[in-house]
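One chain is shown next in structure tokens, namely the form predicted on its own.
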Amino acid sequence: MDELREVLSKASEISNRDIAVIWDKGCCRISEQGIPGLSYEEARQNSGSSWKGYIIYPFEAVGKTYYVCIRAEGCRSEAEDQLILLAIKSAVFNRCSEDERLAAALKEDFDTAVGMRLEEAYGQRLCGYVLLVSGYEDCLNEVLQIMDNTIETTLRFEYEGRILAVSPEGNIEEACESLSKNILSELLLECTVAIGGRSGGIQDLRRMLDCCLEALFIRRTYGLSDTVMNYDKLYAYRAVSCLSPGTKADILAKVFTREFKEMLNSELSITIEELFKNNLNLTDAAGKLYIHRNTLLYRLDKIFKCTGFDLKKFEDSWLFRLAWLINKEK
């Protein structure tokens, strides 16, 4: 708080105007008489306008909204106000911890100067696979402890209700699978770990975070049960989501004929899912389904008769899979 108060004192002295900063459950001003009776709620309601003789400027920092109140009376200029705001924003940013600064930078488009400061502060800790862990409810500390014992991380902090981490692990999928299993066995929680890709520094982190969020979105949209979602292995789902509504409707109509929809039940749905999970390997799929290979062939023959698509052939199976994913979007 000392730096912020010092900035306010200097700005007030140079501009010869009263200045204060108000935020939820906090306020910084030079004198107690500076802004009598101006509350956080009043500042919020009158943001961007004049109120009680003050111009109120809002700005966001580290997840909070701050209101800079500058006395409107006397000689003033817009340029002077903007310089005061810039100095106050810098002081507020410097009050925060490194993780708070990084979280704030991820939510906003930070400039080159901020990026360089963060790059200098974190260095190689930003290099590695970017992970996002969700679904831990109120067990943050317990999950962090399990992470300590399961996976190597160079950076981690809570970000918008999830754990954002960077890991230098070589076999990242295997490490994330172990993390997910350990959380389930020790806390009885089915957490999801999204892998966004490999970051080389601060400029990659935002993009990798977006990839993690998209992976979690794909999981929800298509009703996937996987607890580890690797963005780089979701090309089929990403491709489907980019198709136009018209193209989706055409593909859907080719596969989901009236006869096929009447025949489709939970048993056949599970059969189709297992066949794709096992890369169309009939022997492996039959084994996972606990059925004879001939039974699986019989089911696939029923699908062929209703749709005209032979799932034993790549040419037919890829288009069928597209239709299957499009239908799951619904």
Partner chain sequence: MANLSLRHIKKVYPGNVTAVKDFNMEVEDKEFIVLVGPSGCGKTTTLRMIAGLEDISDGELYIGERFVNDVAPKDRDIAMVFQNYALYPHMTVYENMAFGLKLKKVPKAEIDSKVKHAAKMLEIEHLLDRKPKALSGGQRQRVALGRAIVREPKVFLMDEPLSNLDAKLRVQMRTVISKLHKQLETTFVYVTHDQTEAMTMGTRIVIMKDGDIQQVDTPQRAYDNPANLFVAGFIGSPQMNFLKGTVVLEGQRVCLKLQDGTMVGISDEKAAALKERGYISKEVYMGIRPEHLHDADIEPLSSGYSVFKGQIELAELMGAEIYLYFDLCGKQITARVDSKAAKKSGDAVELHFHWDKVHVFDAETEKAIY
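Rigid core: the largest C-alpha set superposing within 1.5 Å between the two forms. Positions refer to the first chain, counted from 1. In this text, all values refer to a predicted model and were calculated from it rather than measured experimentally.
Unshown form predicted together with its partner chain; subsequent notes refer to it.
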property: The single option of 97, 185, 244, 203 touching its partner chain in the model of the complex, heavy atom within 4.5 Å; result: 185
property: The unique member of 68, 300, 289, 28 whose heavy atoms fall within 4.5 Å of its partner chain in the model of the complex; result: 289
property: Distance check, residue 267 to its partner chain in the model of the complex, heavy atom within 4.5 Å; result: yes
property: Residue 119, heavy atom within 4.5 angstroms of its partner chain in the model of the complex; result: no
property: Interface membership of residue 254, its partner chain in the model of the complex, 4.5 Å heavy atom rule; result: no
property: Contact flag, residue 274 vs its partner chain in the model of the complex, heavy atom cut 4.5 Å; result: yes
property: Stretch from 78-86, 192-200, 138-146, 153-161 whose residues place a heavy atom within 4.5 Å of its partner chain in the model of the complex; result: 138-146
property: In the model of the complex, residues of 161-183 near its partner chain [heavy atom within 4.5 Å]; result: 178, 181, 182
property: CA of residue 261, rigid core aligned, shift of 2 Å or more between the shown form and the other one; result: no
